[in-house]
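Okay, so here's just one chain, in structure tokens, the form predicted on its own.
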């Protein structure tokens, strides 16, 4: 029924509404950039104000798991791109396969982050420290965004299977793709800040 109602709207009306939705979604992503930017700026300010970083007794997080996790997340950005291309060129099986791959890779990233939090990080030495608070706040906020992205992709996939999105009308998939690439870009900054810099 929803698919029939969606197709009752003319192509010109759909394009106009999609343009407004896209603008609104871009404003949402910009507001999310401001949130992450504030936290990153606070972290950099505290880091530059400290005489030694990380403070004495604080070990840096492990680079190797984070590097593997980063490859997984960046790979999911590639699969998301190919899923979108599948929809644009009306290749349904490509869309489904690559969307499922993106969901799996995003879930693997979350699993790697959960493993890092529970097994590899020195919780006792980080408790009550600026470094620990900054790390968990920023990576936790990012992990929450990845989780929301996975849910978003599952919903978009189910809606597409029900006929809501087509080659010509696929704003939801466009929004999901933009969101997923946003999550990838934020991780580049966090990976550099906490694991390399």
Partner chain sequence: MLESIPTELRIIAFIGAVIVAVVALVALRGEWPKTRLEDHVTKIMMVLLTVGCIEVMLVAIGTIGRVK
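Positions refer to the first chain, counted from 1. This is a predicted model, so every value here is computed, not measured.
Same protein, other form: the form predicted in complex with the partner chain, not shown, and the subject of what follows.
- Query: For residue 70, is any heavy atom within 4.5 Å of the partner chain in the predicted complex, or not?
  - Reply: Residue 70: contacts the partner chain in the predicted complex.
- Item | Interface membership of residue 86, the partner chain in the predicted complex, 4.5 Å heavy atom rule | Taking the distances in the predicted complex, the answer for residue 86 is no, it never comes within 4.5 Å of the partner chain.
- Item | Partner proximity in the predicted complex: residue 100 to the partner chain, non-hydrogen atom cutoff 4.5 Å | Residue 100: no, not in contact with the partner chain in the predicted complex.
- Message: Please determine whether residue 60 contacts the partner chain in the predicted complex, using a 4.5 Å cut-off between heavy atoms.
- Response: Answer yes; at least one heavy atom of residue 60 falls within 4.5 Å of the partner chain in the predicted complex.
- Are all three residues 91, 96 and 152 in contact with the partner chain in the predicted complex, where contact means a non-hydrogen atom within 4.5 Å? No, the whole trio is out of contact, none within 4.5 Å by any heavy atom.
- Query: Going through 73-89 from first to last, which residues have a non-hydrogen atom within 4.5 Å of the partner chain in the predicted complex?
  - Reply: Contacting residues: 74, 75, 77, 78, 81, 82, 85, 88.
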